[in-house]
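Shown next as structure tokens: one chain only, the form predicted on its own.
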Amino acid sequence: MARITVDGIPLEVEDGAMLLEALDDAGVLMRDVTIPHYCWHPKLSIDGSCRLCQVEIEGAPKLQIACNTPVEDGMVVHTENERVAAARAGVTEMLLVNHPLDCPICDQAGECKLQDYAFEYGALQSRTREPRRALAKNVDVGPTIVLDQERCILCRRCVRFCREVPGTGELVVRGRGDRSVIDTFPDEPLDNPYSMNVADLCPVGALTTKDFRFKIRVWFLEDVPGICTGCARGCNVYLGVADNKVQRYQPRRNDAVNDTWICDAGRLSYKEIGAADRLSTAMLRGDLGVLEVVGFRDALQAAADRLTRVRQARGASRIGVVASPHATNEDLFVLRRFCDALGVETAGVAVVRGDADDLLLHAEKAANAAGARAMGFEDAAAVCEKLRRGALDALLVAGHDLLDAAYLGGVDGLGDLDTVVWLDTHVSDLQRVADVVLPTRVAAERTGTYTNATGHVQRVTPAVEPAFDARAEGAVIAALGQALHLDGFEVGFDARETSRALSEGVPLFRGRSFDAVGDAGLPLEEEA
């Protein structure tokens, strides 16, 4: 370790690390120590092109760029003196020679570094007399991204990202000198599973996503920390919320999970939260054989009555349960207790699998398959096998992944059951055979924890409230347990209390309660 002093602040950092990187790792960059920068990014190679991060180092004759200057023991750094301030002002003036300061109409106003630095270090007026460069606007560089070349400051973060992270290299610098622009090769658009990250990387308003472009001003958004639930990676995200609606996902840095990236499919999965096909009412199949809208309490009581009838007539062994890999650890903990209290012998979890890669995309397309397995729910193959040979009379199913081709491949055979109680967030073919339908909440609407594919326990808090009566699976199962008069279900569901009980009752989750894991999450406790 090296002992350095920055603006009079003594710090102990990794010897040999670059100064910006060392300050970022120490958690003081842009907090206790302000060094403006454009081209440097903690997860990309060093470019050193923007020259904005110049600092004074005692003993060095000239200012040095902090992104590419290695730390040495005893180094004394100044970032706020007149010499450094003059360099920042000079670089800012040069960058603004051709960049329009049209913040009122720029789609990145509010989260643009050029806007911030022009305010802090920019000149009051331009001294140039030459006409500004007229470059292309609204360039369609691919299915997800629009480029405004005139806003680009050539920091090359986007170029390095495409080369270094997905390894596709679609973006390049074309031309030389003051004619250099970011572009794609002819007939080779920016089109890879992580393409939309370039908009997050762009420090100015040059690259924007087609999905969010001109949708809403960012200062109207509240950024709520959460996780993406598109696959078992559980990438950390900020949910941008306005008017009780999630407007976008943006990646949230977590080096143990997703660095600072998120795939395009996961980023766009926010649309499922407010989708038109959400299940929005409790329903009960009536005497005419069609589902009728009923109150939540009536649906719960009907589910309890039907399960009681099967249990008394044929025994609890004739009741099957399918857990949802989209539910929280707390929901699954309650469901596990419910199965044990009811005497259910056949329970499992159905997990849909799909595309995967070596970066973030995980084959399991559910956020909490690992949590379900940790709670004792094995693969639902055994449930399917009993269903096919008619060994079950009732099924309590959460979610609709059971319909995947790897399991039942549809609802054939479920219609012969005496009772199907279905809990879910979105409409599916299960609606054709369910006797009781109970709407549930998505991750953005609930409190709880999820366990990703690597065993990292992470938490979510409600970002929005559903406009209808939907409840967490844990709340529904707890109420059903009460209606069935099961032991241990005398009180209702509280996610935080359940999380504490889970961390005390299941060794893998020891110390991994909702309050303990924090926003960064914690790995599961290692088995002794």
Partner chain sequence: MTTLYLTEHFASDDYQRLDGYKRQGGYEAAKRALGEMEPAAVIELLQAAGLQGRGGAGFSTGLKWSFMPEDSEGPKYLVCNADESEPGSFKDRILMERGPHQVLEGILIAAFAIGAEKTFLYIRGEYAEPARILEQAIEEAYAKKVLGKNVLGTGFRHDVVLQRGAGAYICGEETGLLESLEGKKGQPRKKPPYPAQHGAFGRPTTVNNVETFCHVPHIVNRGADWFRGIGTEKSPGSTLFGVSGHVVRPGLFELPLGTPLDEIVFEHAGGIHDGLRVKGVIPGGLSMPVLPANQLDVPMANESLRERGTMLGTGGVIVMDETTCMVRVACVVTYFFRDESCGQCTQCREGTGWMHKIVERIERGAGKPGDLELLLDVAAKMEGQTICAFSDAAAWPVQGLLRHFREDFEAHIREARCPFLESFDL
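Numbering follows the first chain given and starts at 1. Fair warning: this is a prediction, and the values are worked out from it, not measured in the lab.
Keep in mind that the form predicted in complex with its partner chain is not shown, yet the notes after this line are about it.
Although the partner is absent here, residue 94 lies within 4.5 Å of its partner chain in the model of the complex, judged by heavy atoms. A residue is said to contact a partner when one of its heavy atoms sits within 4.5 Å of a partner heavy atom; residue 30 fails this definition for its partner chain in the model of the complex, lying far away. Under a 4.5 angstroms non-hydrogen atom cutoff, its partner chain in the model of the complex lacks residue 56 among its neighbouring residues. Residue contact with its partner chain in the model of the complex: residue 178 places a heavy atom within 4.5 Å of it.
Listed stretches are 45-53, 471-479, 457-465, 499-507; the contact stretch with its partner chain in the model of the complex is 45-53, by a heavy atom cutoff of 4.5 Å. For the residues 341, 382, 359, 173, the 4.5 Å heavy atom test against its partner chain in the model of the complex is passed only by 173. Proximity to its partner chain in the model of the complex, taken as a non-hydrogen atom within 4.5 angstroms, holds for one residue of 441, 326, 156, 248, which is 156.
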